[in-house]
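Here we start with a single chain on its own, the form predicted on its own, put down as structure tokens.
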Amino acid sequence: MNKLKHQSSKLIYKISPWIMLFPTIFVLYFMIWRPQIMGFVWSFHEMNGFQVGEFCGLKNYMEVLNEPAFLSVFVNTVEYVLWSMVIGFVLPIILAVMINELRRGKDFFKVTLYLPGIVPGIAVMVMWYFMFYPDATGLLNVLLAKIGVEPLEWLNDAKMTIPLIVITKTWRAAGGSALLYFTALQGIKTELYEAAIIDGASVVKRFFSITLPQISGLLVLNFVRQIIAVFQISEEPMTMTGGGPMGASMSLGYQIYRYGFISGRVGCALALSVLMFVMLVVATLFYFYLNKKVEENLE
């Protein structure tokens, strides 16, 4: 009897973690894994709306790749990522270091920085759209008029539209990233900075020799996360420019939306989604490979 009871307790002990994990696995399966697998399989089929038709092989993929605008849209998407590295990746680090160096008012600035992140995304885009409005009634052009500068085209200028959209996205997201970096900075031992100060290290030298190495893990993680997030950008160009002017702000994410919900080419939308997934996986693996090589050389 005791042996049976012991075996029963042992079995419960083994399966109880799986019982607790079951709700999470259930949600992951139906919300993430199943749609991704189905989307991949359906991308090789004719799609009549959202009804699965006959197997068509690589037809949907060839249609996407043979689109005259595919290369320019891909280049636009890469440009979004590059501008986000210049504008959106460095700024949160600087803000976190500045807050960390403050003697007073840290809580005030932390709350202030995070406020844009709780504003609804559409509201943020519309607000910045009217700030960038190209005629004399746009807020920025009104301010420029005060100092005698002619109104600028802003989002109607093909060379400016992507950087301006990235600024909009950064304004909303930088606060959250800055707080993550600030939390990481709080975990750095003050003795390291004190020793560096005694050795005569400047602020810049302390930043590069202590701060950056200590938060390098978070930097790598956020770097990859930002590439993935910005590569899929779609809401901002859809709301602020409609992909214009002349396709200058069109992104792969917005193209997927247009395929699926405007032109009704669901098969192409699925194929482009799979292509984007593959591109991101390859880019991420390549980045981790380079990062590993750099770490090995440093050792």
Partner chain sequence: MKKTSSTTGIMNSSDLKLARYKCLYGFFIAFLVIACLISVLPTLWVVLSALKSTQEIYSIPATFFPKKIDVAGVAEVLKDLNITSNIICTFILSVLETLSMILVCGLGGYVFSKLRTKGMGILFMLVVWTMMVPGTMRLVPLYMTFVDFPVFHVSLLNTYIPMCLLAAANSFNVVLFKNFFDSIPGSLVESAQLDGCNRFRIFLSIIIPLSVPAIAFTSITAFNAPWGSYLMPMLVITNEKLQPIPTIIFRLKNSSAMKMNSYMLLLVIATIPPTIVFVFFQKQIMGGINVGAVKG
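Rigid core: the largest C-alpha set superposing within 1.5 Å between the two forms. Bear in mind the structure is a predicted one, so any value in this text is a computation, not a measurement. Residue numbers count along the first chain shown, from 1.
We do not show the form predicted in complex with the partner chain, though everything after this point is about it.
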Sort through 136 to 144, 158 to 166, 80 to 88, 67 to 75 and report the only stretch with a non-hydrogen atom within 4.5 Å of the partner chain in the predicted bound form.
136 to 144
Counting only non-hydrogen atoms and a 4.5 angstroms cut-off, does Glu101 reach the partner chain in the predicted bound form?
yes
When the contact criterion is heavy atoms within 4.5 Å, does Phe261 count as touching the partner chain in the predicted bound form?
yes
Answer for Tyr61 alone: is it within 4.5 Å of the partner chain in the predicted bound form, judged on heavy atom distances?
no
Does the partner chain get within 4.5 angstroms of any non-hydrogen atom of Ala283 in the predicted bound form?
no
Can you name the residues of 47 to 70 that have a non-hydrogen atom within 4.5 angstroms of the partner chain in the predicted bound form?
Met47, Phe50, Val52
Take the rigid core as the frame of reference and indicate whether the C-alpha of Val27 shifts by 2 Å or more between this form and the one not shown.
yes
Determine, after fitting the two forms on their core, whether Ala283 shows a C-alpha shift of 2 Å or more between this form and the one not shown.
yes
